[in-house]
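Take a look at this single chain in structure tokens; it is the form predicted alone.
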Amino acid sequence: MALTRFGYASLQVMDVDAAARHYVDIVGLRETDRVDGKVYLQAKDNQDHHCIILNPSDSAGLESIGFKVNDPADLDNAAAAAEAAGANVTRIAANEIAGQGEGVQITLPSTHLLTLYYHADKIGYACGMENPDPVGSTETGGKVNHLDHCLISAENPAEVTEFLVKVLDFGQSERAMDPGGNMMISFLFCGNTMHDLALGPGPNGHLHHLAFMVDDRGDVVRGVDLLKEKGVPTFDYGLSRHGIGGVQTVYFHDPSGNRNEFFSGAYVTPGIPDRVPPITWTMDHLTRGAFYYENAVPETFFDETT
């Protein structure tokens, strides 16, 4: 089977309208649909119907994550492989998720729901589909190109990594190991950049953050400026850099508490599992791997999940 990329995150939010304003005015997405109380949004450089779904809820968190496959037959192949590995698998009918064809939903060992799908309705690029202006008009929100990855928490990241690699053909780019040889953090890819999905320690079923890609460090800085202008608090360090991946980053939260990230600079991977060995970080160097400039990790960084 062939997973091609991280397609969307379906979020639980406590105020749909406030969340929609955040993802449009702060993050820089465009609203594409509203169906049955849910709001669908997409980034400017993607033609698919959505990359974010906002679901009304009493609490923040992650409802599910979606990955696109290369061929409709990959859905049956993935379902068979996941069932053979003992995972719960359910089928999703076409248009059960607005703008999306039929899918297969797999419950990961961490209890997260991962949805695979092939078809998404095409809405066109934000700059237009005929004689587009590559610069575009002055926009509100961050200069976001696309939803790039998410980090989910798991009580046993190694178990979930093994499932994703052996059953769903993810590759691993980097990992952090404790002195006993246990995998604590795992960075996985199905496309050609260093992570589409990452796993860290924490409660099963929770979300650590969603990351939105911008062009370069300058756009990360402009994102920080926007957050300050709009009164959106940033994570303790503000603008920083990860040793893992070498990317520039800033973290902040949506109105419900779901953590977001603006980042740039992810390196290119082969896009094929097992082509190159993963980079390994030991726990005595993980502070530098997490926050390169500060060489320290506040407890809240891993403790806060939704």
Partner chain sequence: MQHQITFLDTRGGSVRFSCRTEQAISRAAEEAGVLIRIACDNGGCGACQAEMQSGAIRYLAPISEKQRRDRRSGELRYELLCRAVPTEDTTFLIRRPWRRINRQPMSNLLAQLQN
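Positions refer to the first chain, counted from 1. Worth saying up front: this structure is predicted, and the values here are computed from it rather than measured.
Absent from the display: the form predicted together with its partner chain. The rest refers to it.
A.B. asks: Is it true that T4, H195 and V268, all three, sit within 4.5 Å of its partner chain in the model of the complex, judged by heavy atoms?
C.D. replies: The answer is no: none of the three residues contacts the partner (heavy atom, 4.5 Å cut-off).
A.B. asks: According to a 4.5 angstroms non-hydrogen atom cut-off, is Q172 in contact with its partner chain in the model of the complex?
C.D. replies: Taking the distances in the model of the complex, the answer for Q172 is no, it never comes within 4.5 Å of its partner chain.
A.B. asks: Indicate whether H206 is a 4.5 Å heavy atom neighbour of its partner chain in the model of the complex.
C.D. replies: Yes, contact at 4.5 Å.
A.B. asks: Looking at the partner-bound form in the model of the complex, is T115 within 4.5 Å of its partner chain by any heavy atom?
C.D. replies: No, T115 stays farther than 4.5 Å from its partner chain in the model of the complex.
A.B. asks: Taking the shortest heavy atom distance, is P132 within 4.5 Å of its partner chain in the model of the complex?
C.D. replies: Taking the distances in the model of the complex, the answer for P132 is no, it never comes within 4.5 Å of its partner chain.
A.B. asks: Sort through P233, G124, G218, P72 and report the residue having a heavy atom within 4.5 Å of its partner chain in the model of the complex.
C.D. replies: Here the answer is residue option P233.
A.B. asks: With its partner chain left out of view, choose which of T32, S256, S264, S64 has a non-hydrogen atom within 4.5 angstroms of it in the model of the complex.
C.D. replies: In short, S256.
A.B. asks: Given the stretches 241 to 249, 277 to 285, 56 to 64, 35 to 43, which is the single one in contact with its partner chain in the model of the complex, using a heavy atom cutoff of 4.5 Å?
C.D. replies: The contacting stretch is 56 to 64.
A.B. asks: Listed by sequence position, which residues of 276 to 306 have a non-hydrogen atom within 4.5 angstroms of its partner chain in the model of the complex?
C.D. replies: Heavy-atom contacts within 4.5 Å come from E299, T300, D303, E304, T305, T306.
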